[in-house]
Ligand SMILES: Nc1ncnc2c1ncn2[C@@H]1O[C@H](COP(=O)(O)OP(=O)(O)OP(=O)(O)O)[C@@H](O)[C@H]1O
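We begin with a single chain expressed as structure tokens, specifically the form predicted alone.
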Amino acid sequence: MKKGVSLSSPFLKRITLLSEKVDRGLFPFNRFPNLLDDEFSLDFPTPVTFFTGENGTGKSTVLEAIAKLCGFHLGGGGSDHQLHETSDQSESVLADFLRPSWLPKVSKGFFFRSDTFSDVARYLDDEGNSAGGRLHEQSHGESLLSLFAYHFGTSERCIYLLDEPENALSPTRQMSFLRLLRDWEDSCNAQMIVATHSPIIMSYPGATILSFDGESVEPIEYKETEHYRITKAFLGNPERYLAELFEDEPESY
């Protein structure tokens, strides 16, 4: 190891688009031509990175491509999970045109997708991975936290990719998730990249937040994110926002 080089997280330092090889007629390049332009690259300077932005801006597409670069099943799970044939394993074309920069290369970890969690939970239960209890015998939110707490290890270098983990988590459980993020970061063995709409989760101290809302992906401060600003404004005066929202609603008879 070179003197002065740290092998603690983050391990994935950057992804760069190999623009000279791109077929612009393929998805997702034809869907996100401005996002995935010839200069597209993302840096990951901190152990925790958040992808934020409106629906349909490419967050999940990029996260899925990173999952493929890590060798994870695109239906969710880790590199050692052989999910059933019925599980989604669609190809990520984008990954074939990305160059990852690792120090060191990490293939342990987990790709969490909220839309396929049920399949992954059933697989883990069927395989006898019952640490924390059988996932299908718990509520959705409880099973998610059990997955994160008991199936995400930090004894080896690993990378965790999470797509909208807040979907089944109450505000209180989202704060419990923040505690798990801190435990994983403190291990120095885990890197986390999380696509989220939750202003609670995005509040995690010291994280890098990348906004997908503009012409390109740019770092953004927490209080400048659209999710934070809208949530704060709404909670500060919900009556005003509800009145504006429903002002054109026809009277009921």
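We number the residues from 1 along the sequence you see. Note that the structure is a prediction, hence the values are computed from the model and not measured.
Keep in mind that the form predicted together with this ligand is missing from the display, and what follows is about it.
Practice task
Could you spot which one of G214, P205, G56, P45 gets a heavy atom to within 4.5 Å of this ligand in the predicted complex?
Solution key: That would be G56.
Problem - Proximity of K68 to this ligand in the predicted complex, heavy atoms at 4.5 Å - result: Although this ligand is absent here, K68 would stay clear of it in the predicted complex, with no heavy atoms inside 4.5 Å.
Problem - 4.5 angstroms heavy atom contact with this ligand in the predicted complex for S60 - result: Looking in the predicted complex, residue contacts with this ligand include S60, since a heavy atom lies within 4.5 Å.
Exercise for the section: Could you confirm whether Y222 comes within 4.5 Å of this ligand in the predicted complex, counting heavy atoms only? Expected result: It does not: once this ligand is placed as it appears in the predicted complex, Y222 has no heavy atom within 4.5 Å of it.
Practice task
Tell me the stretch among 60 to 68, 36 to 44, 214 to 222, 181 to 189 that has any heavy atom within 4.5 angstroms of this ligand in the predicted complex.
Solution key: Going through the listed ranges, the match is 60 to 68.
Practice task
Would you mind checking 181 to 197 for residues with a heavy atom within 4.5 Å of this ligand in the predicted complex?
Solution key: Going through 181 to 197 in order - heavy atoms within 4.5 Å of this ligand in the predicted complex - there is one hit, H197.
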